[in-house]
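Just one chain follows, in the form predicted alone, and it is written as structure tokens.
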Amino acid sequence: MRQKLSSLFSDYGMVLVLALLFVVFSLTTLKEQTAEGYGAGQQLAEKALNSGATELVLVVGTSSEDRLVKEGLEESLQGKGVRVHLIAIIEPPKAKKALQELASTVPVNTLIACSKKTGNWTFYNRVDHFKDSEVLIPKNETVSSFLKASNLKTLPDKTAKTAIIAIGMTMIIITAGIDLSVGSLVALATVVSTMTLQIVFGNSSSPVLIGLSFLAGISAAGFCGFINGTLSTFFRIPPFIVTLAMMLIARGLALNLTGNRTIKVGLPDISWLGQMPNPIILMILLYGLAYFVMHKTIFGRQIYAIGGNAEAARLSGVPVKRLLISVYTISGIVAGIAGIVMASELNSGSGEFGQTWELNVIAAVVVGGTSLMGGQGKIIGTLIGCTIIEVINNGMNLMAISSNTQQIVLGCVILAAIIVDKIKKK
């Protein structure tokens, strides 16, 4: 029985931890707040139906939340015999004018429904035609900020870039190595790609030239990864020292190239890669490829062999040096891919991007079950680990925990993961 429980925790422990975090943050972020989005629209529709109204004026802003209010109300009233007159304007004076113009087309004292934002406007009953109209405003309800659709939608997008970098980091840590330079390589990739597009290609909107610019950024990061692998294998310099030096070199190079400023591209055409759900799709494709490589190919099995015992692997005919160089190069490439996703998302490049990302990535890989001693780890476990770290960060932000305390929590999470790994080995 004990062995079965141990096996169950080993295989599904991280999934259980993730589920527990969802429960904890769902409960700790419960608070009374005005309903927003789609739910607010459904609430307003229910009030309108209960009042017996046949016509309704809906006053909303132009934000994404207000658009969801409109969708929720219209879908809830569909086929219920209630006609909706829409006023979607962000400025109160224009909304008042639109309400006055609508007066001639609707019955006197027609019901008015508002979103959370437009419900604060006070002119509704000062328009003669609507002076006795009932104004419906979303009521307060106890909801979890963590479970709000607007928050949950951001989690996969925020996880994507860290998870992409973590693919290379997982391979490196399985070989008993480390890469501290990935955050700086993200910054370097954003700078090289945006400067190539701006200076070499003259801010061209050609998809081919944009693609070549992105390729330049990925290549720069991949070359730095190649240098990391070469120095740590042929010169026998500990990976910690090599990648620490590269972290400083790549960051300094990115800052010098930009003159400590942000390179603004200003081309909507490069934004497609950073828009939802493209980073998530890219992440899934890369994880599918990484899973195949690590579990179905000789290359993947040799990586595990090096982590288990590098000397034994060498004596068995495994090209240890060549593989280690390849693994560090892959780490640089995936950091570069995360960099171009960031450049696309922000339409800019900067030497300041990616700071301390290496800590989050290492934490995610360790939490995902990859042993810092090498030889053990799973790609899917890393993806779960990335989600756990992002959920923790997101939950702490919603709870308004200070950044200093968040660093303490992250450090404790890493220590806990290492202790669990040691216990499992025993």
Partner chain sequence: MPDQQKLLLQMRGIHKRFPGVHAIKGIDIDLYEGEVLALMGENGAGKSTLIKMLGGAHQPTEGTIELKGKEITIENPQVSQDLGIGIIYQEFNLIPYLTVRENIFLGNPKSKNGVISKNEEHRHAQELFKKIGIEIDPEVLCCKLSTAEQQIVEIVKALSSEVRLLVMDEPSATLTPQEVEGLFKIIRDLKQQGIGVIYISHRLDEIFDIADRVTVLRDGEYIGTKGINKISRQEMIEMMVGRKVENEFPKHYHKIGAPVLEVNHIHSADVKDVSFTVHAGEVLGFTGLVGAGRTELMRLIFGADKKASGTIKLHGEELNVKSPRDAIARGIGLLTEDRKGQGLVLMHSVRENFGLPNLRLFSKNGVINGSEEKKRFARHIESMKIKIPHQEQLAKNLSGGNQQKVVLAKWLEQNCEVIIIDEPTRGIDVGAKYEIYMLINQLAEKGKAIIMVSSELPEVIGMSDRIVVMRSGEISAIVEDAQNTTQEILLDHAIH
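In this text the structure is predicted, and so the values were computed from the model without any measurement. Positions refer to the first chain, counted from 1.
The discussion below concerns the form predicted in complex with the partner chain, not included here.
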Q. Within 4.5 Å of the partner chain in the predicted complex, do G39, H85 and G119 each have at least one heavy atom?
A. no
**Q.** Interface residue in the predicted complex among G202, G81, G317, P277, criterion: non-hydrogen atom within 4.5 angstroms of the partner chain
**A.** G317
Q: Just give me the single entry in L77, A95, I178, A313 that has a non-hydrogen atom within 4.5 angstroms of the partner chain in the predicted complex.
A: A313
Q. So which of 297-305, 121-129, 211-219, 239-247 is the stretch with heavy atoms within 4.5 Å of the partner chain in the predicted complex?
A. 297-305
Q) Using heavy atoms and a 4.5 Å limit, would one call F234 a contact residue for the partner chain in the predicted complex? A) no
Q) Counting only non-hydrogen atoms and a 4.5 angstroms cut-off, does K264 reach the partner chain in the predicted complex? A) no
Q) Taking heavy atoms only, is R322 within 4.5 angstroms of the partner chain in the predicted complex? A) yes
Q.
Please tell me whether any heavy atom belonging to Q376 falls inside 4.5 Å of a heavy atom of the partner chain, as the geometry stands in the predicted complex.
A. yes
Q) Does any residue in 278-292 get within 4.5 Å of the partner chain in the predicted complex, counting heavy atoms only, and if so which ones? A) F292
